[in-house]
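Quick setup: one chain, the form predicted on its own, written in structure tokens, and binding and motion questions come after.
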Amino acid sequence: MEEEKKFVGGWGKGNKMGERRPEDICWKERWVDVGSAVRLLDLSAMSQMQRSFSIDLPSLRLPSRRETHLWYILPDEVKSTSLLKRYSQLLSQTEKDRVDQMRGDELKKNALLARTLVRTTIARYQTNEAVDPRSLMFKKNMYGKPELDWQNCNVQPLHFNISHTDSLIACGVTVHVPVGIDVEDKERKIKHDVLTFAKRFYSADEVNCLATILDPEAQRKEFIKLWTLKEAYVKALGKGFSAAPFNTFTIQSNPGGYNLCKTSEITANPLEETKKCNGGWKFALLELADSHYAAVCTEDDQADEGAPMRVIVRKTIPFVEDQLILKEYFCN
């Protein structure tokens, strides 16, 4: 039961787990607009800086219809007390109260960083005018998924989703289409037998696939990858775990990526199966910080005419530095 509690959680709690080979992480460089080096703020001089929050965040163009922008932060790299205090100033009173309710300094810090990442990431994308991250307002849909509340402002329909582990926090951003993301520590252990645990949550097709993997470590990793992809889909769907139980759909790998299939749609004919399993959603599976798997799921935009999803990954310490990590296309 303890394992079940860890894996099944609420929106934005980082219900984990995805992979890409280390050699697929194409290149790294400091980023401004064209990848040149920059320090946005010197920590030692931060107390002397009086500029507004919005000016301190470099503005970015909105993601295209085919893009997902994925930002992440490593909590262990944020050590400055003054910086954490500055982050706290971004939060609403409700958010501050929720942070204070967390038990333990580490949980409080991670909760603060999660809300900071959401606010500072979204504030970068409003190109018509500078947006103070403190001014952003949020609401929940009828199923409890957090959304932006623009209060009838004339802005692009921007979507976001957040996920975290103890050592990494990530936020995905799209325009026009819903997005779900999930991250998981690659070394996360599963206390129970993998197949026994999979039978409780996965579709029969996925369990059978796992059963063909004889090496226990490889089987564990594949289980985690599947969980990450499935969790990302449920979060993109926006209806909560109870509305889309994991055993009611199957994630199938193919040479170009991954397909989503409803359990009742899986057939013995591979060609027919592909036709029924392609519709509606795009997936990407990658690696972050050499330590985490990450999955991205977006609803297919009919205007894209089946074009591959492009994922742009940036690592950040808000108000300190941004680092472009990855640009890659993922085909389904």
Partner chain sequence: MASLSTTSLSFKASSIKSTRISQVLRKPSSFQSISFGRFQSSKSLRLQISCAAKPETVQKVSDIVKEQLALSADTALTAESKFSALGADSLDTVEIVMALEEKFNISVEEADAQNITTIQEAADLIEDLVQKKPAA
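Residue numbers count along the first chain shown, from 1. Everything numeric in this text was worked out from a predicted model, so none of it was measured.
Below: the form predicted in complex with its partner chain, not depicted.
Participant: In the predicted bound form, which of the stretches 171-179, 235-243, 77-85, 254-262 has residues with heavy atoms within 4.5 Å of its partner chain?
Facilitator: Among the candidates, contact is made by 235-243.
Participant: Is its partner chain in the predicted bound form close enough to Gln101, Glu184 and Phe201 that every residue in that trio has a heavy atom within 4.5 angstroms of it?
Facilitator: Checked in the predicted bound form: all three residues contact its partner chain.
Participant: Asn141, Ser135, Thr196, Thr212: which sits within 4.5 Å of its partner chain in the predicted bound form by any heavy atom?
Facilitator: It is Thr196 that has a heavy atom within 4.5 Å of the partner.
Participant: Taking its partner chain in the predicted bound form as the reference, which of Lys109, Arg220, Lys96, Arg188 has a non-hydrogen atom within 4.5 Å?
Facilitator: By the 4.5 Å heavy-atom cutoff, the listed residue in contact is Arg188.
Participant: Contact between Asn247 and its partner chain in the predicted bound form at 4.5 Å, heavy atoms?
Facilitator: Asn247: yes, in contact with its partner chain in the predicted bound form.
Participant: Evaluate Trp71 for contact with its partner chain in the predicted bound form, applying a 4.5 angstroms cut-off between non-hydrogen atoms, and reply yes or no.
Facilitator: Residue-level check for Trp71: no, no contact with its partner chain.
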